[in-house]
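Single chain ahead, by itself, as structure tokens, in the form predicted on its own.
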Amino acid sequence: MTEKDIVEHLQVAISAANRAGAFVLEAEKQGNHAIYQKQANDFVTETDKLSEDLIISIIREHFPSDAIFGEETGSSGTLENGRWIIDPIDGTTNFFRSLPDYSISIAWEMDPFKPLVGVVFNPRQNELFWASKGGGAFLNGKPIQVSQLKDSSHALIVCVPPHRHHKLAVPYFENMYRIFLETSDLRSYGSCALELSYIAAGRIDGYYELCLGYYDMAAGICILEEAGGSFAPADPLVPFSDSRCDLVATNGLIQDWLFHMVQE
């Protein structure tokens, strides 16, 4: 894998994110969304599906042999040429409720769970986050880096309750309560990709969530890592998988503290 390969994949990811973002933004303006429920508190719209189709068609124009893993279309292709990971609208509920925190998330990797390219685009706020392995992280073309905050008592932490898995609520809220007592405040934006990008940009300092899909976070962890941050499975005995990722992510300086909090 050469630097040229990474740059070429990054350029296609940025192009696809911009075009899908424009499509999704126009769909939001039009309203009247066809909304379907996949499982408890997990929704998809016709726009999600069309956005993913658009992204895949752009990728296929340039890299017809690459594998693809999309939230709505699943897996296709062999992994020898690398794999694209796509969330066509991360934050679907925000999208159809006209809340601004949703994004298009596109990553590319050669080895599982080690993305080399990550692009996250929030069309409502016209913010394009992107990164490539060894190339740094950027927001609208300007370099970004994580906060330098070391004191958890001053930290802003994203905690997202397991709204699709209520049986996990009690232990989660116990962890959340401990985190709350040792921080400045908590947040939840409704888009994992954005939340990771916000840590990368120094806007928030940490993040804890259970039961993510890998497509939720693949692009975001690339951007976070290139901005100087850290991430890990919330349970060291349960590694990331395509279907479930329990995540702790921070600016790196409070990673040990947050990891310890969720281990208790």
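Quick caveat, the model's predicted, so the values are computed rather than measured. Sequential numbering from 1, following the sequence displayed.
Form predicted in complex with D-MYO-inositol-1-phosphate (IPD): not shown, discussed below.
Q: Does Thr92 reach D-MYO-inositol-1-phosphate (IPD) in the model of the complex, with heavy atoms at most 4.5 Å apart?
A: Taking the distances in the model of the complex, the answer for Thr92 is yes, it comes within 4.5 Å of D-MYO-inositol-1-phosphate (IPD).
Q: Given that the partner is absent here, does Val117 sit within 4.5 Å of D-MYO-inositol-1-phosphate (IPD) in the model of the complex, heavy atoms only?
A: Result no; Val117 lies far from D-MYO-inositol-1-phosphate (IPD) in the model of the complex.
Q: If we define contact as a non-hydrogen atom of the residue within 4.5 angstroms of the partner, is Ile68 a contact of D-MYO-inositol-1-phosphate (IPD) in the model of the complex?
A: Ile68: no, not in contact with D-MYO-inositol-1-phosphate (IPD) in the model of the complex.
Q: With the partner left out of view, is Ser191 within 4.5 angstroms of D-MYO-inositol-1-phosphate (IPD) in the model of the complex by any non-hydrogen atom?
A: The answer is yes: Ser191 has a heavy atom within 4.5 Å of D-MYO-inositol-1-phosphate (IPD).
Q: Would D-MYO-inositol-1-phosphate (IPD) be touched by all three of Glu209, Leu212 and Asp216 in the model of the complex, meaning a heavy atom each within 4.5 Å?
A: Yes: each residue has a heavy atom within 4.5 Å of the partner.
Q: Of these, Asp235, Asp42, Asp53, Glu46, which has a heavy atom no more than 4.5 Å from D-MYO-inositol-1-phosphate (IPD) in the model of the complex?
A: Contact residue from the list: Asp42.
Q: Of Arg164, Arg97, Arg187, Arg124, which residue is found within 4.5 angstroms of D-MYO-inositol-1-phosphate (IPD) in the model of the complex when only non-hydrogen atoms are counted?
A: Partner contact (heavy atom, 4.5 Å) among the options: Arg164.
Q: Thinking of D-MYO-inositol-1-phosphate (IPD) in the model of the complex, which stretch from 26-34, 224-232, 58-66, 192-200 has heavy atoms inside 4.5 Å of it?
A: Looking at the partner contacts, the answer comes out as 192-200.
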